[in-house]
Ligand SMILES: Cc1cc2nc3c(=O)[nH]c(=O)nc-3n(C[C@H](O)[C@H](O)[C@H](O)COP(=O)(O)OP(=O)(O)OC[C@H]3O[C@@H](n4cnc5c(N)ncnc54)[C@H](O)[C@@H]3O)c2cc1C
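What follows is one chain in structure tokens, specifically the form predicted on its own.
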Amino acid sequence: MHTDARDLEPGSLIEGDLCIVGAGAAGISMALEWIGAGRRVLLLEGGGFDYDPHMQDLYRGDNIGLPYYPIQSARLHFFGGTTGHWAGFCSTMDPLDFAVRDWVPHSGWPIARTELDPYYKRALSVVQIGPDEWTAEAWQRRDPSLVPFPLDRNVAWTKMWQFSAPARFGVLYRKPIVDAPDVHLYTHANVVEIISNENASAVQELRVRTLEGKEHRVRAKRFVLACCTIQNARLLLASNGQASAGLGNANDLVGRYFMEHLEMPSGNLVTLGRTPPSVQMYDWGWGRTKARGEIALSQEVQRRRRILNATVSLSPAALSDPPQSTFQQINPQLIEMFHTGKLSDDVLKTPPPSAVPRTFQLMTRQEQAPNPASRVTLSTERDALGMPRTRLDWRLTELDRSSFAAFYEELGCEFGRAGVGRLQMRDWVMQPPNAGWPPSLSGGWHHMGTTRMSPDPKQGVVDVNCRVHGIANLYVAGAAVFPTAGCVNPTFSLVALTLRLSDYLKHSSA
């Protein structure tokens, strides 16, 4: 069922068993799980079915930290959410990503990777990839032309990625959601406040507004915030009627530990030999590639060098090609493309190179160390609905900076030993960590960590089941609960984690 909240009588009361706030990757994944479950599920989406600049402006905020993308361009505010401009990159996080690492402050999930494995399998169909094969050997058996570099697995290995078409959730899942008799989608229903009971131990109702000035109330037995990392934190902080610092923020943690993936060109590779090693396994073409490999360092090397997790991808390039920051490349045309999710035909039809290249640019995808000083707070400016806008203070640490050099030192040695080629590091990588970040500093458009998971309320906002500490019926879905970021794009993992939360809600009493 579907209702446009603008068509309701002012002051309407909407009631259900489960209320999901946000219809992006997490919210839609959860709603699909509840079709036919015999419960009345409410799915609230602030936008409509299409891009609207007035709705998108509600995501505008200030950036007071390191250079970053315009905040209103990094997430989409309509049904389907940011899957509307998602590139479809999928891979699994590594077991080490879930462990406590004594060299990475604030690291460690309260669950192991093995607990997420069955949900990764279920998430395959949601994001429309598969099979459940994540080793280079398995993909080589399927296609013998895919040959991994002959690397010593004790040092480095080929980590596999799969690429969704990509799955645009707003297109794929609109009909199943709208046709479901027990899932009721409300569009243009912007939640502006979570109202709790007197001691802030349970949510009583949500206050919803439309841009046209109508206001409604929503009541349910349980509530799930799934409106993306920055907006989840914003809503909790702005809901300060019963808790002056915001709901779930008794320990000043909501909004802290904001994380991104550092996606930066950091070196070059020149392959060796009269017959250079095949690079087809590492090639990627938009809309063509089903799977490809990237190079990662082993867990043993990460432990020995006390560095963060990362991978590198290869793309043909001349050695003289200068690195460019994706922050600096943002222009109005590109922002429009990200809003609409419509790529130009030139991008979609770029043919593969006709000759085997010998030089490659190495693009690093590195996790960011959890950092409480990297945070989202509220601005003094308010949006058209009267909500405080966000203020992003993105900060990095010396560990983020120093990990690049150690990673490339190890990778260069292994490339040379294996006869793959010679590696050239960018000048900035070889400079000391206190030299700061180069102009090519870039991120992956990946937001994580503002309501991190921990069994200890003094270390995290949600518990192991994604329930907000101290609030009986409020949960968070999505990458906002990640305690650490891993080095892979978050969508596949956040969908798996949402399916796990959905199972918990189904099997626990309201």
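Start at 1 and count along the sequence shown; that's the residue number. Note that the structure is predicted; figures quoted are calculated from it, not measured.
The discussion below concerns the form predicted together with the ligand, not included here.
- request: Check each of Thr364, Thr83, Gln368, Asn249 and return the one that places a heavy atom within 4.5 angstroms of the ligand in the predicted complex.
  value: Checked against the cut-off, the match is Thr83.
field: Val461, heavy atom within 4.5 angstroms of the ligand in the predicted complex
entry: Although the ligand is absent here, Val461 would stay clear of it in the predicted complex, with no heavy atoms inside 4.5 Å.
query: Is Ser502 close to the ligand in the predicted complex, meaning a heavy atom pair under 4.5 Å apart or at it?
result: Ser502 lies outside the contact set for the ligand.
- request: Evaluate Trp34 for contact with the ligand in the predicted complex, applying a 4.5 angstroms cut-off between non-hydrogen atoms, and reply yes or no.
  value: No.
task: Check whether Arg452 has any heavy atom within 4.5 Å of a heavy atom of the ligand in the predicted complex, and answer yes or no.
output: Result no; Arg452 lies far from the ligand in the predicted complex.
message: If contact means a heavy atom within 4.5 Å, which one of 266-274, 397-405, 226-234, 414-422 is the stretch that engages the ligand in the predicted complex?
response: Result of the contact check: 226-234.
- request: Using heavy atoms only and a 4.5 Å cut-off, decide whether all three of Tyr59, Gly88 and Ala189 touch the ligand in the predicted complex.
  value: So, yes: the whole triplet contacts the ligand.
- prompt: For the stretch 437-467, which residues lie within 4.5 Å of the ligand in the predicted complex by non-hydrogen atom distance?
  reply: Trp445, His446 sit within 4.5 Å of the partner.
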